[in-house]
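Okay, here we've got a single chain as structure tokens, the form predicted alone, with questions on binding and movement later.
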């Protein structure tokens, strides 16, 4: 699948930077002229892989390259005012080669949470290609203002996009982990999952074609209908033989029937692990409208029967008959992996909790503002009798 990739804000830019590094490591050609947009000059300078010409600094007249300080209303205003600067960078993308747009943003800060929905609305007005979002929710310990930003941005981002794939930091941050180390690892997890999903159907320097191809139309149709999506992932290493080939870790040499059964069972197991393990956004799978299964790895370890069983199990687990799937041959891979996209999920406790906390945060902010105004009025009243007025 060919994507026009745009990172908005600090988190969005870093994730796009990691996507570009992933593309170079794997030899894939997925992302067309990736762009990073920010109001903070230092964040753009810190990127390592996004081409310098594709880094767009907006809001210079308002914030002079210093960012918006977690003010997502200001972030949205700047995005609207400087949308032509962003569009100028996107004009370099050969849109006729693109299957969809993907806007990546952290939803807790100011620039990304404010600007990503603005850009999504703009792109949908101009282009016919679908516009998807990849939104990162802040962890609960990041503070009330970030939760409030996320709740407001999330609702708008979902409304303005054709679908929003969500990654919840709260489900992935490890206790005691440093902030920088934690987010670097989270970014790698994001890229590992979504990179495999969007890379399915692409050739990796070889002419090996999948038995059941997962092409861009399969992904787009799974994401069609709008709403929120989550992705599950599971992988298992395979042992290298003395002659450089690959074989099952529990294969009995000479027992082809056993090896085939083992390959089938491995894939079925990986599908279950991906679906029932840690999702990018935890949810109740019974509320899923559409699903897509991708199984990737060495061609000899991909089994049609296992994939069909996995799809059947997903139909039972989600209660949906709209389950697509296929294999993704990667000749030099040393693992077999399963990625499952669940689209149109609506039984998501985290979103309800996010909205509840945001309401409380809004009430606290309003209360503190009222107290501050009262204290200022009291201070001015107390000093008015002792200080002569200026005029």
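It should be emphasised that the depicted structure is a prediction, and the values quoted were computed from it without experimental measurement. Positions refer to the first chain, counted from 1.
Only in words, not in the display: the form predicted together with guanosine-5'-diphosphate, which the text now covers.
Each of 43, 106 and 169 comes within 4.5 Å of guanosine-5'-diphosphate in the predicted complex, counting any heavy atom. Of the residues given (186, 158, 196, 281), 186 alone sits with a heavy atom within 4.5 Å of guanosine-5'-diphosphate in the predicted complex. Only one of 233, 146, 101, 154 lies close to guanosine-5'-diphosphate in the predicted complex, with a heavy atom inside 4.5 Å, and it is 146. Comparing 91 to 99, 300 to 308, 106 to 114, 215 to 223 against guanosine-5'-diphosphate in the predicted complex, the single stretch with non-hydrogen atoms within 4.5 angstroms of it is 106 to 114. When guanosine-5'-diphosphate is considered in the predicted complex, residue 138 lines it closely, a heavy atom lying within 4.5 Å. guanosine-5'-diphosphate in the predicted complex comes within 4.5 Å of a heavy atom belonging to residue 190.
Taking non-hydrogen atoms only, residue 11 approaches guanosine-5'-diphosphate to within 4.5 angstroms in the predicted complex. Contact check for residue 162: every heavy atom lies farther than 4.5 Å from guanosine-5'-diphosphate in the predicted complex. Using a 4.5 Å cut-off on any heavy atom, the one residue of 69 to 98 that reaches guanosine-5'-diphosphate in the predicted complex is 69.
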